[in-house]
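Presented as structure tokens, the chain that follows is alone, the form predicted on its own.
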């Protein structure tokens, strides 16, 4: 059995808990995640992204570390010390750590050290974005595929994952970590086949008190984002799901038979 499996159970004192803290609103933290944070002896949180309000219930005695000021070795050292002392340690990531969370490299190191861990999922910012826009990414007749991706920057993209290549699918697209490349983003999306009038929305800090939403099309979104002064911590969503024209689902179609309901004449 791999060291990182849940062999010790969620109540194991020495288990490290990776927690998805949600998109920003502290009430979107899961009940399980909140209980673990509130009872932890050691908290390591991504201070550049996680809303500090998520930590409001921490014990007064808890030691709190901001990982924005730490490198990987320093993070692991805190986890090692906590585990050796029998203290409960939680690692708090923004959204859900499985998406651009960089928690795999931490789990690999814990595997090498024989330290147990668990992952508590959270609400990703891409789901919060759909919620604040009141939209559905998978609309019948428009798109049944969702692509989560990012622009190439200091971290290169693998071959066949360039934005222009992904745009050829005309799927609903959610673009992370790329708000500073709006002009290039638009150029690559149109190169890949999206029409200039394809609807686009940019959501800054979805569910936070200072949330901003900018709506437009590929022809004008870059200028609108610059005018709004948005330079970081925003998602760009692209696709016809943002429009109003779509087919109705078969799920509630009275002429469609399902396992639980017969079609009506």
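Only a predicted model underlies this, so the values are computations on that prediction, with no experimental measurement involved. Numbering follows the first chain given and starts at 1.
Below, we refer to the form predicted in complex with a small molecule, which is not included among the displayed structures.
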- [ ] Decide yes or no: are 94, 206 and 233 jointly within 4.5 Å of the small molecule in the predicted bound form, with each residue judged by its heavy atoms?
- [x] yes
Task: Stretch in contact, per heavy atom within 4.5 angstroms of the small molecule in the predicted bound form, of 108-116, 157-165, 94-102, 135-143 - done: 94-102
TODO: Note which of 222, 36, 28, 49 lies within 4.5 Å of the small molecule in the predicted bound form, where distance is taken over heavy atoms; exactly one does.
DONE: 49
Task: Listed residue (177, 72, 187, 131) with a non-hydrogen atom within 4.5 angstroms of the small molecule in the predicted bound form - done: 177
Open item on the list: I'd like to check something about residue 172: if you look in the predicted bound form, is any of its heavy atoms closer than or equal to 4.5 Å to a heavy atom of the small molecule?
Closed with: no
